[in-house]
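Quick heads-up: it's one chain on its own, the form predicted alone, in structure tokens.
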């Protein structure tokens, strides 16, 4: 029997209203996240990739309710937020590490105070919270005697991000969302932090949602990958399957844009042209059809649903992958025995 997913997201939607009409009336909505659904198993790392503006960071903020969702359900450990799971408990169990390591920390708090603040607010004594902060500093590779009393401006970017990781772990969460957590670091420090995250995952049994624009980093960190485009899920599946056999044309374009050291794999033409459509008024049908070389009239009229491919847990929202969809490249519908 397959165990139930640790985190389940169903129909998550967030539209941002624009003001600019007469007397401040709504001038439309930005469809930042538009009815996405996915699951995260306990102990796995789900990578989320896509162009800027595709909804990756908004999805992360919706999960921890930093932004209120318009609709959709969030289930953690079989419990539904707002039904039998309180927001306070969700935020204890799901912590987040942001991209800007400096803006994430209070400049007036020392390192140990920043880490101990959350537990203290939730009833832990100052003495116990401070001891926990020192313990977590050791786990993230910072010597408490050297760093506990320092302020954020006295630390490097990599050291500040280690502090943010320690602060996220202070609640002993089940899930840690890493929103571009290493993208602002130089490559040598990035590698150290990635190795630290891998070690912490094994040691503490953590589950990660890893958001990044760096496809090589995602390939190193993730067990499964979810590709987003204009607020929707284009493709999701195991990292080996996605990188070896990408099905959605958008996924193919993203992966073909990865730099290669192989002279036989040089990119000689742009894999993807043009900018994403306006999220205020996205195109009908498949939202990628305006940039897709395989697009037909069908793609501009009918929205494809996520279809399960041959590889286990690999799904793609593309008419070319759905048997009998009507796309000329689609597999023929299998005949059933009479």
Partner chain sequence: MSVTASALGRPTPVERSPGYWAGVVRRLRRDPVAMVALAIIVVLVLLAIFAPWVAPNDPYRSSMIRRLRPIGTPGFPLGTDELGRDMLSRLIFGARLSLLMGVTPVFVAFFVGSFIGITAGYLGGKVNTVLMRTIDVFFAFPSVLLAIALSGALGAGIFNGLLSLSIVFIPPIARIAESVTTAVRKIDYVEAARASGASAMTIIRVHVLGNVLGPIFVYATGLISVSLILASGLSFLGLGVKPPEPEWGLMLNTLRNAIYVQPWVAALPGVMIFITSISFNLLSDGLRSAMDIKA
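Residue numbers count along the first chain shown, from 1. Quick caveat, the model's predicted, so the values are computed rather than measured.
One more form of this protein should be noted, the form predicted in complex with the partner chain, which is absent from this view; the next part is about it.
Stretch 166-174 is the answer when you ask which of 227-235, 166-174, 188-196, 210-218 has residues with heavy atoms within 4.5 Å of the partner chain in the predicted complex. Of the residues 82, 205, 78, 149, just one reaches the partner chain in the predicted complex with a heavy atom at 4.5 Å or closer; this is 149. The partner chain is not shown here, but in the predicted complex it comes within 4.5 Å of a heavy atom of residue 121. Contact annotation: residue 103 falls within 4.5 Å of the partner chain in the predicted complex, judged by heavy atom distances. Interface membership of residue 157, defined by any non-hydrogen atom within 4.5 Å of the partner chain in the predicted complex, is ruled out.
Remark: residue 131 counts among the residues lining the partner chain in the predicted complex, judged by a heavy atom distance of 4.5 Å or less. Using a 4.5 angstroms heavy atom cutoff to the partner chain in the predicted complex, none of 250, 301 and 313 count as contacting. Residues 61, 66 of 34-66 are found to place at least one heavy atom within 4.5 Å of the partner chain in the predicted complex.
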